[in-house]
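In the form predicted on its own, a lone chain appears below as structure tokens.
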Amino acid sequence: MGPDFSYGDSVNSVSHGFTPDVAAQLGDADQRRDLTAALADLPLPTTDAEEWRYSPIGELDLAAYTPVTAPPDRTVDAVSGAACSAQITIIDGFVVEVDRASGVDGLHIEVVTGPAPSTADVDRTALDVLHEAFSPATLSIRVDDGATIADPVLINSHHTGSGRAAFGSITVEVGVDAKLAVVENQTSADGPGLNVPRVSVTVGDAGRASYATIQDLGADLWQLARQHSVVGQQGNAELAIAAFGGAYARLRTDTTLAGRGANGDLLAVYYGDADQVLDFRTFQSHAAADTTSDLAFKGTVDDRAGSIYTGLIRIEENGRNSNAHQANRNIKLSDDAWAWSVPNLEIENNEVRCSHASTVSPVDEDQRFFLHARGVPPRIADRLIVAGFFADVVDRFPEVLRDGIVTRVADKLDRRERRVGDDGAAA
């Protein structure tokens, strides 16, 4: 059980700095003014909507943030030690640097100015319109038919905090029988801020795409992210996130398996502590025959932190012989930590195989006893159990991210050890 975040109708409206004239400063003034003007009759989401239930969205106060309308005069450190086909830096939604490796054929990267394309086919909210109106440009990554990009594209996305609201936009198109991996590293400065990023992934027939994110935002940042993917016949898409930061960090993922034999896998590892809320909403649509999907989400919550997972696998009428699996498992390390886990199935074809699983529990006492009996102190035992709990999902992440994930889990556990005694009791 978690805290009651049901605030009813939001008292917040879209106003203050989010005006047509401010949006017009980003260029394409007429389009942006039209989008922003439409917000007057479109309220912010509330927990009355199922896809926002359990969340603290009622605490969002847009008046506390100022939309970013000019590129920042700063840089961030790039990811080092990894081979890549390109390295891209995005700060506060602005693409500030694109560094391409030489000799990479079939890969096209460009910055498309103008309002962002919509990634919200359903459940469109004021946040989606705000994103379209205030996104400065869209980073477009495209791979030609038949091209295999051996090394990943690395994206460093940074938010500068200081009360700014940023609206980054990324589209990835992988052609027929093409292959691409994208790795995104999300960071932010200390201090409050609002980040509303959107990612769209399209995979052509027999194409293979992965988009993996490591999220390590500052403790006061709100992030309201959304991903949308469509997979063609015999195509494969893998979307993965490792989430560790943010005050309230939310990711909604919509995946449509549109072509026969398409596959879509979703992976997540997450660790929340202090007063964090980590929120995941997944919607998977098996719209064609012989499609497959596997969702594996594992999380740990400590202190007063909470996690939310709600997921829906929908098998459409044309989804004969679909095979779908959905599992969300959570470990609570403290009595005050909480987790909501609500997997769902909606099936409109009888010839399918589907399963879902959900667990929320403290550290397994049998595992703890096994280690204690062999002389392992309680706090070290919990550390080993948590690391082992994540291991199978971490091993499915791109190799370039695995060490970073393990390090961040270790950092969280280090902080826990500084707060508790050797017997595991609060210090």
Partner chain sequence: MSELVISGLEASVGGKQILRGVDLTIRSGEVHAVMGPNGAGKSTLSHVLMGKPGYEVTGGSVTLDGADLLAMPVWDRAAAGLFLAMQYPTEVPGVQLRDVLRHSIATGDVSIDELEPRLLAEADRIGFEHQFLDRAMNVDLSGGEKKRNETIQLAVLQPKIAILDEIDSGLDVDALRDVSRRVEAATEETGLGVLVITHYNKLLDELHPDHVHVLAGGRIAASGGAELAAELEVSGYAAYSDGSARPAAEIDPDWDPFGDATFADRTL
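Predicted model, so just to flag it, every value in this text is computed and none were measured. Numbering follows the first chain given and starts at 1.
Omitted from view is the form predicted in complex with the partner chain, to which the following refers.
The partner chain is not drawn, but in the predicted bound form it has no heavy atom within 4.5 Å of residue 38.
Residue contact check for residue 389: one or more of its heavy atoms lie within 4.5 Å of the partner chain in the predicted bound form. Residue contact with the partner chain in the predicted bound form: residue 378 places a heavy atom within 4.5 Å of it. In the predicted bound form, the partner chain lies farther than 4.5 Å from every heavy atom of residue 64. Proximity to the partner chain in the predicted bound form, taken as heavy atoms within 4.5 Å, picks out 364-372 from the listed stretches 27-35, 56-64, 42-50, 364-372. Of the candidates 400, 385, 394, 360, 385 is the one whose heavy atoms come within 4.5 Å of the partner chain in the predicted bound form; the others do not.
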